[in-house]
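Presented as structure tokens, the chain that follows is alone, the form predicted alone.
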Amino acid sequence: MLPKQRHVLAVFPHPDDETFGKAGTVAMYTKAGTPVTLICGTLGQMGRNMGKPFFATREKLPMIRKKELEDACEILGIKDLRLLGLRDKTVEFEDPEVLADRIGEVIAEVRPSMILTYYPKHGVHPDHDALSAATVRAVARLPEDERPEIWGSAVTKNARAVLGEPDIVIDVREVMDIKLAAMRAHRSQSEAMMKNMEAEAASSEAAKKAIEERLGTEVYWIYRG
């Protein structure tokens, strides 16, 4: 069952982070009438994927990814998108206090009851870990009784060994069509993956079922410091 929230704030560094592994959760909240605000740190300008076949260039990639993000937000029902304008793959070098200031400004404005972000040190990518750490820093500045709950997406291979089983497990199959549409919206990054996944699903009923089960569940760990 989806825990009720007053307002969800998602904080991620790249276009598509809000979708891969979280689109179902976001869609279920917006469908339930819960407002979702998304802070996106960069435009993913250093991404290596350019579409399959290639349709992007290094110069055009930021604008392509910005449009893909806007399209995904529309599909997911996100009506409030904030862009921090940071440089892709350099977030770890930003002043963490300044990052926390910027995230804190949005927290003060929208007063979320829950924040979605990567679980610090379990985001795999340095940008993921840097922005989630700044998010935790911003929340820690608040009085204890005013702090929103932080749901961390942990994508390291040893996440369960270190953190235990996830605190939140959400069955998102009822919004699978929305989730897949959001994934396809990030065409420059997802096109090859989607083609491979479709080919795998077509190879056998067992493979199709495994993919449906994998996509149909999204998990989070509550950050407790």
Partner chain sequence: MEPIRREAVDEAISRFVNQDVYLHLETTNGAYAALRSEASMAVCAYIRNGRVKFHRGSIAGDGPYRVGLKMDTGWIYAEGLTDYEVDEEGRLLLAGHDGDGRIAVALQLSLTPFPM
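Note that the structure is a prediction, hence the values are computed from the model and not measured. Residue numbers count along the first chain shown, from 1.
Quick note: we don't show the form predicted in complex with its partner chain, though the next part is all about it.
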Students should find that, of 30, 190, 45, 37, the residue having a non-hydrogen atom no more than 4.5 angstroms from its partner chain in the predicted bound form is 45
From 50, 168, 180, 197: within 4.5 Å of its partner chain in the predicted bound form by heavy atoms is 50
Of 71-79, 138-146, 117-125, 102-110, the segment with heavy atoms within 4.5 Å of its partner chain in the predicted bound form is residues 117-125
(message) in the predicted bound form, does each of 133, 160 and 217 have a heavy atom within 4.5 Å of its partner chain?
(response) no
Q) With the partner left out of view, is residue 67 within 4.5 angstroms of its partner chain in the predicted bound form by any non-hydrogen atom? A) no
For residue 60, is any heavy atom within 4.5 Å of its partner chain in the predicted bound form, or not? yes
Original post:
Is residue 155 close enough to its partner chain in the predicted bound form to count, meaning some heavy atom within 4.5 Å?
Top reply: yes
Non-hydrogen atom contact residue 129 with its partner chain in the predicted bound form at 4.5 angstroms:
no
Those residues of 84-113 with a non-hydrogen atom no more than 4.5 Å from its partner chain in the predicted bound form are 87, 88, 89, 90
